[in-house]
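One chain is shown next in structure tokens, namely the form predicted on its own.
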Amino acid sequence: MVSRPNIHVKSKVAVVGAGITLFRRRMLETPRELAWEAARQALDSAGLTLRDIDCVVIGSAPDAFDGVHMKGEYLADGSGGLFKPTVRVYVGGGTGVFVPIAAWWHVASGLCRTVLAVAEEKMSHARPHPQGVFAYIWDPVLERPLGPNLLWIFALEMRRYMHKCNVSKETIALVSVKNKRNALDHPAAQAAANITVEDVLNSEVLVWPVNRLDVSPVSDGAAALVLASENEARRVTDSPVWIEGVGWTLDNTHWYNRELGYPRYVQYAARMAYKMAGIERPWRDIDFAEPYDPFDYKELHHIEGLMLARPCEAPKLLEEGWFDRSGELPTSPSGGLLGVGNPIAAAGLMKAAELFWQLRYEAGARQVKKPVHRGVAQAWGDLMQAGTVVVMGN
């Protein structure tokens, strides 16, 4: 029995393998084929086969993206879940980081020695556009008659953050510039580019203040991790990456009653994960971060929710290069959702996989420029209410 400050587990849990498909729009592979491609890569990375896997965790965002209901059952064979204890978890955009969290409790509880964690999304199938899927997330009496869409809500939130923190569009655009540049070194990237702040400001206005290059693209893709108990991890690798803390939380769905300038749902999830990891000062104890960045302002928003910067401090640190890959606290060294792409559930798991590769010094040209011992990945979803956080160390 391993005791932690706020939880008791039967075994430490490590990540021992990771895999990812290309992130692209209109991929020809079926969702099952995407899931299997990522799963096979993760198994190969760990030096294992499906016979070595005890349990499977699958993550996918709304069924409507793929147009297949009961998506967990549909993806079971592509994810290696047939005739094994298999479960699908789902918290909207937060799913990608919730997948390794769910896999963690399967192992930490002693139920499974090894878990294959797979996240897949094929958004290109949604008609007439993936935004249409979100027409069904609103309260049918209070909200749906107004015909809202998520872009409108994000525009409100971005505007509130700009007003509260006195941040310019030019500063926020620096996130998109940084992440798309970082993604030039990611072999799976869909939207890598060398762009300027002017490119972002001059791109099409979707809903002011949101321009097209403020937003991550529509994507298809899959990612996977292999998790193992301490004994199993030490048997299969000399360089396990330990899951030191996990956290998740839900705010309520009444987004219109919230302070939109600060993500409390992230802060609460981060506090849970940091407490488990024994982290008291995250801005000092975390070496790099993969905050969730479907929009450029959300990276700054989430950096503050993760307590890696004080409220309204992230824009200033961004301007000073603090979050560059060579900076004091690199953020989204992978290129993030803005650069690598945003197949929703797979995008979050891509961020967890980036922790694995960075902490094993296997990130190639993406490797951050300082020694790394601990990283944090985070995702966010449902009706702007779910926060999911995982801390890993080497």
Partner chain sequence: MPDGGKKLPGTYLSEKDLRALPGLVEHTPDAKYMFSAGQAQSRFLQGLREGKILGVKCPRCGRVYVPPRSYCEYCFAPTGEWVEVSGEGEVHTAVVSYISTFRERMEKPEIIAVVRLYAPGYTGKRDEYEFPGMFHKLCGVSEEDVKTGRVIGMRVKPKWRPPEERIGSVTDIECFEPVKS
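Residue numbers count along the first chain shown, from 1. Computed from a predicted structure; not experimentally measured.
Below: the form predicted together with the partner chain, not depicted.
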>> With the distance limit set at 4.5 angstroms and only heavy atoms considered, check whether 27, 142 and 264 all reach the partner chain in the model of the complex.
In response: yes
> Even though the partner chain is not shown here, does residue 238 get within 4.5 Å of it in the model of the complex, heavy atoms only?
Replying inline: no
> Would residue 88 count as touching the partner chain in the model of the complex under a 4.5 Å heavy atom rule?
Replying inline: no
> Closest heavy atom of residue 180 to the partner chain in the model of the complex, within 4.5 Å or not?
Replying inline: no
> Is residue 212 close enough to touch the partner chain in the model of the complex, meaning at least one heavy atom pair within 4.5 Å?
Replying inline: yes
>> Quick check on this chain: which one of 163, 234, 310, 84 has a heavy atom within 4.5 Å of the partner chain in the model of the complex?
In response: 163
> Taking the partner chain in the model of the complex as the reference, which of 111, 184, 137, 205 has a non-hydrogen atom within 4.5 Å?
Replying inline: 205
>> The chain here is shown without the partner chain. Which stretch in 98-106, 193-201, 150-158, 283-291 comes within 4.5 angstroms of it in the model of the complex, by heavy atom distance?
In response: 150-158
> Which residues, if any, of 254-289 lie within 4.5 Å of the partner chain in the model of the complex when only heavy atoms count?
Replying inline: 254, 255, 256, 257, 258, 259, 260, 262, 263, 264, 268
